[in-house]
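Consider the single chain below, provided in structure tokens and representing the form predicted on its own.
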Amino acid sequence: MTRPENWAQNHHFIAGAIYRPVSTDALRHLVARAPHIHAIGSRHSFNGVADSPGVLVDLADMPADIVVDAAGRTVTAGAAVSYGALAAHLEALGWALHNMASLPQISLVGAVATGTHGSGDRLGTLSSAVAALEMVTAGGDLVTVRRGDRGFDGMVVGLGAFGIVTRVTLDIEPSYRMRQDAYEGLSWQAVLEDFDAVMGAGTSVSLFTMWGGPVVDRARVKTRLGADVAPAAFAGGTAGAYPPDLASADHLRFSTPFGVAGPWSERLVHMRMEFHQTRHLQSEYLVPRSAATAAMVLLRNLGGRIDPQLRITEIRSMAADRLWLSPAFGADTVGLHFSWEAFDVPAVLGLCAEIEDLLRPLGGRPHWGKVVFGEAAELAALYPRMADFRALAMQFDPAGKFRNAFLDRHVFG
């Protein structure tokens, strides 16, 4: 049997089978009788966080059943629903999410469970919007945990360690409109000297760059109409119609629009739903906001070695939260995201390991869904509630039904 792969083709799942239940009862039966089981999402992780030494379950055939609670300002949906599909549904009803990741194709539960984020100084990670989780636990029981419940803050960014999440409830707000503007050739000096002003120039700011050149190549500044004004000039950069990496007609067709107002659901993401990425590897390191410029200086010093293997780096910001394994736990945070070309995988992985080691003393946390090297003891030093997470997971899953090699190496030790 050919082993299934993740999207980037750098991880081959070891699970013996993938089941696609169509109901919660069928899923409960599967979980109750399986010695080892884990959920698989959109396969956009770059490691084995969603693998299992037993079997996998794909929830794509479960009912989406999107339900809006207008009074409570929440939406509840099936765990496998994509952010893009949910956003379109909410926008049609006059509602919105607080933020989105770069890609709309990722699933709700996969993004939430790994601490995935968008950008915005005042905006939390996607996980910070979770109000409740419904899940099937090790014995096949269906339980719901809500914000404020004991252990809730540990279970949201749960890495699949507590059970199979079936439904996710998120905070929502009234719909709003945004515009997205592109800027090219930002001054590295201006970015490093006044990083707070740069990242605060819009509701959501993303910087795209190589590391060895004299400028930050480009930026996307997303402004919420009525709250922000797009800057006429930006850190020494010039306004552009679209970033250079979208210069081909094909790629431009898949980008969300620039320079014109539109719904939040079509501006917060970078790419449209029909966009399909070419294969590459990704790593990301989340550093405290207070250490961001120091981290960027260190990376600039490695630019001559990084750039030959790099497709692009994206720099984003996020507000602090209290979720135990969130990359933004306890501090406003900056994400340094690397999209690597895949033509020299050993060289790329070597650089990822070196960068992870370089940024760890600054508090750099590797993204749970990207390339990760840190052992459990090393990562525990970055997460003050890691011991609490382990203890809570053991309470829910004492036999290790949901454990896998990734969790054993990077979390439980």
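The structure presented is a predicted model; accordingly, all values stated were derived computationally and were not measured. Position 1 is the first residue in the sequence shown; the rest follow in order.
What follows is about the form predicted together with a small molecule, which we do not show.
A heavy atom within 4.5 Å of the small molecule in the predicted bound form is found for one listed residue only; from Val130, Val334, Val216, Ile106, this is Ile106. In summary, among the residues Leu325, Ile164, Val75, Leu207, the only one with a non-hydrogen atom within 4.5 Å of the small molecule in the predicted bound form is Ile164. Gly110 belongs to the set of residues with a heavy atom inside 4.5 Å of the small molecule in the predicted bound form. In the predicted bound form, at least one heavy atom of Arg316 sits within 4.5 Å of the small molecule.
In the predicted bound form, the small molecule stays beyond 4.5 Å of every heavy atom belonging to Arg365. Although the partner is absent here, Ala101 lies within 4.5 Å of the small molecule in the predicted bound form, judged by heavy atoms. With the partner left out here, the small molecule still marks one of 187-195, 153-161, 289-297, 170-178 in the predicted bound form; by a 4.5 Å heavy atom cut-off that stretch is 153-161. Although the small molecule is omitted here, in the predicted bound form all of Gly41, Val49 and Thr116 have a heavy atom within 4.5 Å of it.
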